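Taking the form predicted on its own, here's one chain by itself in structure tokens.
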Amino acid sequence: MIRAQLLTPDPASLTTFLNTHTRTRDCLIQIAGLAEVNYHGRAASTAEVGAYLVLIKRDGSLQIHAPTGIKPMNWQPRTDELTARVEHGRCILHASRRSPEELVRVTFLHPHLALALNLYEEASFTLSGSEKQMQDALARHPELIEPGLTVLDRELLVDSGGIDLYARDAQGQYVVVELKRGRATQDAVSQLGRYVATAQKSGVGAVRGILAAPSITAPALKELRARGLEFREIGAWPDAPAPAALPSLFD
């Protein structure tokens, strides 16, 4: 399972390690240590120097985890380019994408461990419950799709079908979300593309498209990126709130 491992790597060794294993996009990469994180895109942010775990998955997605909490403090759902280079004696990882234009810059100050792991999908995964339950849960908790997302409508009927979730992101841009309980295929990508095209015809400007599912096939992911659409991995959703108890005859 362990393809390669470095302990307390120097900047040049870590740079070579990252460029070698991100180029193939066929393994899971983990870097643990002291780092600084800068983000530039629809907003700008800087994470204070701290101990972080950086994950780069086979699909090019990037996650940066703090020592506590289940959600990453910063992430890129997909990347168009991953490069590392030595600047001022530090290894710096640049993770960028073109649509929307975003850049995450990770400066590794004292890396303690670098791992490249061979992990392969051997079986598909289907979430329990119906797509209706999935839609209900994500409408209540749209932050599971993207922080700052606000759901405006559900099952919005348009000429090309019914949009599962019609939303607005933190920057005010409209978002079409297509939900799938199982592994998403090229059919789902085509469906999402039609919905986005229909929504844009309404004159609201550029519309983002997000396909939310537990996993996606490689051909579907390739087509999704080619269309400028996005994928969000949904592993589980919160249970629906229990209905209020009805009063008994003797209450």
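Bear in mind the structure is a predicted one, so any value in this text is a computation, not a measurement. Start at 1 and count along the sequence shown; that's the residue number.
One more form of this protein, predicted in complex with the DNA, exists but is not displayed; see below.
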Checklist entry - Going by a heavy atom distance of 4.5 Å, is Arg194 a contact of the DNA in the predicted bound form? => result yes
Checklist entry - Heavy atom to heavy atom, is Trp75 within 4.5 Å of the DNA in the predicted bound form? => result yes
Item to check | Partner contact for Ala218 in the predicted bound form: the DNA, 4.5 angstroms, heavy atom | outcome: yes
Next on the checklist: Although the partner isn't part of this model, could you tell me whether Arg181 comes within 4.5 Å of the DNA in the predicted bound form, counting any heavy atom of the residue?
Outcome noted: yes
Checklist entry - Of these, Glu143, Asp153, Glu131, Glu87, which has a heavy atom no more than 4.5 Å from the DNA in the predicted bound form? => result Glu131
Checklist entry - From the list Gln173, Thr83, Ser160, Thr107, which entry has a heavy atom within 4.5 Å of the DNA in the predicted bound form? => result Ser160
Checklist entry - Looking at 95 to 103, 109 to 117, 165 to 173, 144 to 152, which one sits within 4.5 Å of the DNA in the predicted bound form if you count heavy atoms only? => result 95 to 103
